[in-house]
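Only one chain comes next, encoded as C-alpha cells, the form predicted alone.
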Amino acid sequence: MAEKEDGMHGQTVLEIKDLHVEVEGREILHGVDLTIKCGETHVLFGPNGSGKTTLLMAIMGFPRYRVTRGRIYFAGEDITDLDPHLRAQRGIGIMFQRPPTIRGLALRDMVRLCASRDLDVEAMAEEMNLAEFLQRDVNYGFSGGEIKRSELLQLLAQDPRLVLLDEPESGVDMENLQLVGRAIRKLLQKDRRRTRTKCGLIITHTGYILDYVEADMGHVLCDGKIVCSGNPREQLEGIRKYGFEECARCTR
C-alpha cells in the first residue's frame, strides 16, 4: 500500500485555470491560477473582501458562486459544472468559516452521514472532546471552538482527499486551537512524510494555524487575483510588517 501511495506523490490533485467568479452579478475573482499536488498543503492570505472565501466556495461548487470563465480540475477531471455533493463524493471536503446551525439533526447522525466508511463515532467524538455533543443538534448553541471541532469531526469522518479550510483558527481560544491544529494535522497526514495522499488549502487571516500545521506554499490574494506565491512563513512575516498593500505594490 505504501508503494502505491508513494507513487501518487507529485501528482496534481487540484488545478485551477484562469478562474473568474461572480456573486450576485459582481465579479469577485478575476483570473485565478492555482495548482496543488498530492501531499501538499497551501495557505491563502489576503485582506477581508479579497475573494478568499469565494475561491473555496467556487471549488466546492456552490451555485451562488458562478464561474463565468476558466476551469477547475480535480484529479484530472473537469469538475467546473459538477454539483457540490458530487464533488464531495469525489473527495473534496470543506470547513466553513460560519457553518449553519441545523435544527432537528443530531451531530452523531451528521457524522454518520459524512462517513466514507464504518466508524467508531463515539471514539472519534471523544478524541475531539465532543462526546457530550453527539445528541445535540448540529452547531446549535455551540461556542466558536465547539463549532470548529464539530466541523473537523465531520471532515475526519468524510476523510476527503482535498481539504478546504476557511479560517480554522477564527474565534478559537488557545486550548481549542491546539486541538483544532492536531485534527488538521491528522486530516492532512502530517505525521507521514513520503506517503501522504491528502492535500489542503487553508485560508488564514492571522497565520496562527501555521504554528500547528506546516504549509508547503503560500499565496496572497488581493482584489480577486493571486499577486504573490512563495514561502508562507516569509509571506506572513512581510504581511505583519508591511500589510497587504505592500504585497500588491511589489507586483506593480
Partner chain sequence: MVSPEERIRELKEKAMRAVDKPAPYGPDIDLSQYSCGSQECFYVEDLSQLKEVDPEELARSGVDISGRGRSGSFVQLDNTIVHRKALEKGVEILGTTEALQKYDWAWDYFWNVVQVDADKYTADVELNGYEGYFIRALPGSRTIYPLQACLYIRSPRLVQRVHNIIIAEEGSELHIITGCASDHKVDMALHLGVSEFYVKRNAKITFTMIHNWVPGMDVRPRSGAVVEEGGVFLSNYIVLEPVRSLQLYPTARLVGEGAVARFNSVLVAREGVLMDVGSRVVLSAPRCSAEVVSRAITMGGTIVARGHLRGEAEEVKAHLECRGLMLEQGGGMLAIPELEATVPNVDMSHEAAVGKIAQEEIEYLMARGLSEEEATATIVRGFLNVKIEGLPPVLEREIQRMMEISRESAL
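Nothing here was measured: the structure is a model prediction, and the numbers come from that model. Positions refer to the first chain, counted from 1.
One more form of this protein should be noted, the form predicted in complex with the partner chain, which is absent from this view; the next part is about it.
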Please identify the residue among 110, 75, 121, 79 with any heavy atom within 4.5 Å of the partner chain in the predicted bound form. 110
Does the 4.5 Å heavy atom contact test between residue 227 and the partner chain in the predicted bound form come out positive? no
Consider residue 104 of the chain shown here, and say whether it contacts the partner chain in the predicted bound form, taking contact as heavy atoms within 4.5 Å. yes
Would residue 137 count as touching the partner chain in the predicted bound form under a 4.5 Å heavy atom rule? yes
Would residue 84 count as a contact of the partner chain in the predicted bound form, using a 4.5 angstroms cut-off between non-hydrogen atoms? yes
Any idea which of 67 to 75, 154 to 162, 175 to 183, 121 to 129 reaches within 4.5 Å of the partner chain in the predicted bound form, heavy atoms considered? 154 to 162
Which residues within 47 to 63 place at least one heavy atom within 4.5 Å of the partner chain in the predicted bound form? 60, 62, 63
